[in-house]
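Listed next as structure tokens is one chain, alone, in the form predicted alone.
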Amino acid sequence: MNYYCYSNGKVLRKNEIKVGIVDLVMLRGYGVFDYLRTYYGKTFHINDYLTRFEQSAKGMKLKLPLKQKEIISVINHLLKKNNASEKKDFGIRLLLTGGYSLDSYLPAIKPNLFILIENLPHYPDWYSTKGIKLMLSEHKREMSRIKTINYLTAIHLSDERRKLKAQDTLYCYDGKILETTRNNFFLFHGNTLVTAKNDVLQGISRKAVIELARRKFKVEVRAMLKKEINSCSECFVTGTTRGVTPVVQIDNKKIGNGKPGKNTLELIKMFNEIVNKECR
């Protein structure tokens, strides 16, 4: 849909936004982004997302032209202009590019900032009710804690993923489990929840789930070994668009009994409750 969006100080229709060919995002794929969403017309944990966006910009040595309060004001204006409501939710994409480089190599003094209002991706209901399959692949994202626009490996693996009828790719590296292409990964050993500490994006849904899980379970944020897949009782992923999604198979390995586990289902319930409390 051609929603109203923000482009360097102007509110334009999405198809009116233009990016020059010498922007480093075009020439070198240099830029950062973040992605948040609304529930029932209201943004969820927006300050956490904007703090991460700022950290990504800083990590890539790009200067944000707006402060957090100004970005929130722009987002609220765009949501109102696009008729966000309790029955109409949106995805919100923040994109900061390297700007118009003078030498086609180094970032410009002034980056380009875009805030895009988008339709949320649609996923089948069975992702949550029956659980998904992941495909293992040896990879560690460059500058893992920065949300760059570099999705080269994820996209390159998409054909292989479709052939294996997997819904996402789970990255592992040097004997350790890391994250999926767009989500954080968790596993249970009984009532102990484990997720990777290093070399992964610090997800906002991940943060919320860790805080919720500590109310009922033992939580370990540490190096997560690849061999733990063979002994874990449950797995799931967390992300902005889907919240908590059960994982019931990794490659040819069935997790538990091949159905979403009771602890995972409990965390889905707890996550939905916090969303309702904060956004309804």
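Bear in mind the structure is a predicted one, so any value in this text is a computation, not a measurement. Note that residue numbering begins at 1 and tracks the sequence as displayed.
Another form exists, predicted in complex with another copy of the chain; not displayed. Remarks below refer to it.
- Considering another copy of the chain in the predicted complex, the lone stretch of 84-92, 129-137, 68-76, 108-116 in range is 108-116 [heavy atom distance within 4.5 Å].
- For the three marked residues, 14, 21 and 153, a heavy atom of each sits within 4.5 Å of another copy of the chain in the predicted complex.
- Contact with another copy of the chain in the predicted complex, defined as a heavy atom within 4.5 Å, holds for exactly one of 27, 212, 64, 219, namely 27.
- In the predicted complex, another copy of the chain sits beyond 4.5 Å of every heavy atom of residue 192.
- Shown alone here, residue 162 lies within 4.5 Å of another copy of the chain in the predicted complex, counting heavy atoms only.
- Not displayed here, another copy of the chain is approached by residue 181 to within 4.5 Å at the level of heavy atoms in the predicted complex.
- Under a 4.5 angstroms non-hydrogen atom cutoff, another copy of the chain in the predicted complex lacks residue 46 among its neighbouring residues.
- Residues 139, 142, 143, 148, 149, 150, 151 are the ones in 133-151 with at least one heavy atom within 4.5 Å of another copy of the chain in the predicted complex, listed in sequence order.
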